[in-house]
Ligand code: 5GP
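Shown here is one chain on its own, the form predicted on its own, set out as structure tokens.
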Amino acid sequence: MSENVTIQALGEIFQQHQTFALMSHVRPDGDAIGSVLGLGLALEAMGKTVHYWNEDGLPDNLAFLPQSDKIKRPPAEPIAIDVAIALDTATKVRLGESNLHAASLAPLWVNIDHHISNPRYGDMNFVDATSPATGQIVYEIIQELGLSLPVGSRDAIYVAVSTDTGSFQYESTTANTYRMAADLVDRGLLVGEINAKTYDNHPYRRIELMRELLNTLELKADGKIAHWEMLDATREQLALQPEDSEGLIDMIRAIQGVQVAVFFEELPGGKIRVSMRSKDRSLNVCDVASFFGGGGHALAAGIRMSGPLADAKQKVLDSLQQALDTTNS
């Protein structure tokens, strides 16, 4: 595992090169898209050429962000770029095959992230697992290097950090997070307006999905584990988009007495996506995820594993039960 480079070293890369491709993980969330836009628009303000790629494109729920239409699916064939930058992506494979192919000519890879499970796969790495969001890391890089913070970067960084901290509620939120938010407001951020667009603007199909999920809700381990599931047939029936399920797991995480919430999602092709959220740092869901080849954070982690759904549920719930027994013994 290579050591982190300094922010000044990143600044030298930004100064020395002209063309950048910024990428984030498949099924992007607010931190993924916000971090890419936040850094990319700052690089453009330096006069750099920036490509903004995501294998799944721009989620509808983030289309309100200024200049978010810059986020494109990667080109079918590789193009000449000086530097490829992966943001908020714990493992390189999570960028997706199309991104990796499009950026395959890049002579230099930079990896900027906050996942504790990140193996530092870049030629240059800046991974801060103490940061609540990659967006906050991007803000700190921009600040330390004295770069311009365009309006688009300001709004994107706020949404990145707000969504990855549960609207500044999670334990990972730091004093620096609030200082950052205050600075963004001082720079003209309209808090009420951007929060309304982020949290109060969901399509009806998301509510239909919530109804379906609640019908599958179960409690286990004397109420310490809450889990629900979504079948691929439900996705097709409701014409769901990947972002429609974003954040719904927090509803069952909030149940009194629950220590860990689990969302099992059946994907096309028989794979199972597992999302886990813990309330208790002593129950480290990243450790559980790592056992199945996944990763993330102590309080929030994910897995992609083979199905069928019933088998995946049994394996993960048994592992969580063991973790709970160890924690509470």
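Each residue number is its position in the shown sequence, starting from 1. Note that the structure is a prediction, hence the values are computed from the model and not measured.
Not pictured, yet referred to below: the form predicted together with the ligand.
Val50, Ile303, Leu65, Leu283: which sits within 4.5 Å of the ligand in the predicted bound form by any heavy atom? Among Val50, Ile303, Leu65, Leu283, a heavy atom within 4.5 Å of the ligand in the predicted bound form occurs only for Ile303.
In the predicted bound form, the residue from His115, Arg253, Arg235, His227 that sits within 4.5 Å of the ligand by heavy atoms: None of the other options qualify; the answer is His115.
Contact test in the predicted bound form: Thr91 vs the ligand, heavy atoms, 4.5 Å: Yes - in the predicted bound form, heavy atoms of Thr91 and the ligand come within 4.5 Å of each other.
Gly295: heavy atom within 4.5 Å of the ligand in the predicted bound form? It does: once the ligand is placed as it appears in the predicted bound form, Gly295 has a heavy atom within 4.5 Å of it.
Does any part of Lys279 reach within 4.5 Å of the ligand in the predicted bound form? Heavy atoms only, please. Answer no; every heavy atom of Lys279 is more than 4.5 Å from the ligand in the predicted bound form.
Considering non-hydrogen atoms and a 4.5 Å limit, does the ligand approach Asn61 in the predicted bound form? Outside the cut-off, so no.
Using a 4.5 Å heavy atom cut-off, indicate which stretch of 34-42, 51-59, 66-74, 267-275 touches the ligand in the predicted bound form. Answer to the contact question: 267-275.
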